[in-house]
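So this first bit is one chain, no partners, the form predicted alone, shown in structure tokens.
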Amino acid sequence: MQPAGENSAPDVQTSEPMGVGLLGGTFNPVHNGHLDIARQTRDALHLERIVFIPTGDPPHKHQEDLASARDRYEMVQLAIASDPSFTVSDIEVRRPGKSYSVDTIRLLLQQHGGSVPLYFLIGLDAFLELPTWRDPAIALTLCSFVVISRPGASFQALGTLPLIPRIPTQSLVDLDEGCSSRLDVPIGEQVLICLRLPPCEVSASDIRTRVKQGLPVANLLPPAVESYILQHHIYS
């Protein structure tokens, strides 16, 4: 495994697909930006598949304008239907009460029997809230994390984040400035992968607002998701 500050990882990138990416979120609604991020991450890490995990009762989100978990699950199903490398899990939708990442990862590890490496995909802005998570130190030991660039969030903030090893400042600056696109940081038996992707121009909150105002959302959503929203009067 490469030390922090180097950008190649032969143990992760191979010619054959390996590993499963876990992409959680409210998906309120799932949109083309989510799909682009999943495809780019799948290709960058040579993952076998990406599992979308809609939240049931997310502990860090307000409930205003939140579609039902079942509706959000159905929309994800529609969005990924044409890509065989994408699947969706209702593991959090079925779970009563609040959903915590550490519990979800544990359950998915049990399902996979430890035979397949798991990579937890998360936006940089959300990962910077790591100290507020339930059992964050344990979560970091269960699987590798892929921290994806987000508009308005700086990788340099990882330099002072508790629970992760110290990362050379220049390596983080290179990510922020686009001089590098990937940085691998070993954390015990796992790895923290910082991944810079092109900025996502699509916003779920903007889509919800446009639906409320009766404005078009073409090119922001898969057509099947747009039809579902209009047919079931979601967000309107």
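What you see is a predicted model; the values in this text were computed from it and never measured. All residue numbers are counted from 1 along the displayed sequence.
What follows is about the form predicted in complex with a small molecule, which we do not show.
Screening 43 to 51, 164 to 172, 179 to 187, 202 to 210 for residues having heavy atoms within 4.5 Å of the small molecule in the predicted bound form returns a single hit, 202 to 210. Not one of 21, 106 and 143 is positioned with any heavy atom within 4.5 Å of the small molecule in the predicted bound form.
None of the heavy atoms of residue 117 is located within 4.5 Å of the small molecule in the predicted bound form. Among residues of the shown chain, residue 136 is not one whose heavy atoms approach the small molecule to within 4.5 Å in the predicted bound form. Though the partner is left out of this view, residue 37 does reach within 4.5 Å of the small molecule in the predicted bound form, counting heavy atoms only. The small molecule in the predicted bound form is approached by residue 31, whose closest heavy atom lies within 4.5 angstroms of it.
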